[in-house]
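Shown next as structure tokens: one chain only, the form predicted on its own.
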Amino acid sequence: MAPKVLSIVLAGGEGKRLMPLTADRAKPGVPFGGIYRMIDFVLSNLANAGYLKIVVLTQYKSHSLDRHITKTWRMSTLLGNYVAPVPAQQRLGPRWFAGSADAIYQSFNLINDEKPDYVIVFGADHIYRMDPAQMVADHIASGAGVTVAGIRQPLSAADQFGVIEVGPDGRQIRAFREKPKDAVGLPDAPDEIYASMGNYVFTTDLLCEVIAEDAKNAESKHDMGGSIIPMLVERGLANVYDFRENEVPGSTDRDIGYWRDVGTLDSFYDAHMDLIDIHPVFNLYNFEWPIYTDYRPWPPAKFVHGWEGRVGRAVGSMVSPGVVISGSLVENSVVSPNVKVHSWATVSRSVLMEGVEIGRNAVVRNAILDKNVKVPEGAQIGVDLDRDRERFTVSANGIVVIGKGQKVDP
């Protein structure tokens, strides 16, 4: 008989580093890749693997995220399946979640109701494909209390990640360190480290035991990566799962093993650029492991005008339904539904979210435009960064970011 598995998705992140994209929504609810939300990736991975009992723990500015989950992720209740957004219930008193571990502690009723053998705890704001069933099978076979997914990264980049250091067997975790300057390479690859992906599989009894123990510690940060995993590492109960071993149906040689933490504006932008190569670094066109989302009744995209240089065209771009490109050029960009780009405008290496409108003769370069931004006729975005910094957010790498519905002057 197959083991009973409950999936918990941690979606309470505030996402301060993604401002202004998170000014009006939770980080996992931020649109990505034209038609998706960030949370669709982890939920699709779980659903494709057959894990259909999922709770999503939410907290900050969760309305948009809750609405998306409720409308999109409807399972068969006849079979007892569900994807349920669960806000901070304050079951233990009038307080919010104090950290990811505390979020689970305050939601023990969900585990007690389901009585699973194993609990998957995944983050909600990474872009990747993964078959969680293979990680669960590895966890069961190893007999570990917790298994932590690790992705190989260069040793030189260790100070950018939570680093998993392993013993001589390459499996048991001997240290879990946050952005160390003196990380130790892997036994089989001294120039590489394991970076934590924020994905865990727990044996249920042990998870409940250590979460309850952590809750009594007033000095704890009540964080899964910062508190719970180090506790289990110290007891010798933590193993690593090498993400390189995960085989997702339909993966290409180019996108196998792809994983991106899109916690900053630059990483969010770069992940979009990964989508649009001829042979994309991350391939959304893998129909053997689809990414599911809400697909509203938008009409097909339309490209109009074709005379005297007034030709609607898109090159090296992803264009969503409902888009009208009218006598203008869109190149190397990701365009979300219901965007309108008017005549003689140029959009280059940019991310346009739903409802954006680009006026005639406008220029948009190296930019992220959130929902319903209207760029007036002749305006220029991403051309003069000094002027842009006076009006908008500009990232460390020079990406201009305009918040949801923010007014743009000519």
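Whichever C-alpha set is largest while still superposing within 1.5 Å between the two forms counts as the rigid core. What you are looking at is a predicted structure, and each value in this text was computed from that prediction instead of being measured. The numbering used is simple: start at 1 and walk along the sequence shown.
There is another form of this protein, the form predicted in complex with a small molecule, and it is not shown here; the text below is about that form.
Position in contact with the small molecule when the complex is considered in the predicted complex, options T203, S100, N246, T293, heavy atoms within 4.5 Å
Going through each option in turn, the one that passes is S100.
Can you pick the one in F282, Y269, W73, F176 that has a heavy atom within 4.5 Å of the small molecule in the predicted complex?
Checked against the cut-off, the match is F176.
Can any non-hydrogen atom of D131 be found within 4.5 angstroms of the small molecule in the predicted complex?
Answer no; every heavy atom of D131 is more than 4.5 Å from the small molecule in the predicted complex.
Does the 4.5 Å heavy atom contact test between N239 and the small molecule in the predicted complex come out positive?
No, no contact at 4.5 Å.
Would Q59 count as touching the small molecule in the predicted complex under a 4.5 Å heavy atom rule?
Yes, contact at 4.5 Å.
If you check in the predicted complex, is D277 within 4.5 Å of the small molecule, heavy atoms only?
The answer is no: D277 has no heavy atom within 4.5 Å of the small molecule.
Segment assignment from 120 to 128, 183 to 191, 231 to 239, 328 to 336: heavy atom within 4.5 Å of the small molecule in the predicted complex
Contact-bearing stretch, as computed: 120 to 128.
After fitting the rigid core, is the C-alpha of A157 off by 2 Å or more between the shown form and the other one?
Yes.
Displaced residue check between the shown form and the other one: R244, CA, 2 Å or over, core reference
Result for R244: no, shift under 2 Å.
Align on the rigid core first; then say whether the Cα of E178 has moved by at least 2 Å between the shown form and the other one.
Yes, its C-alpha moves 2 Å or more.
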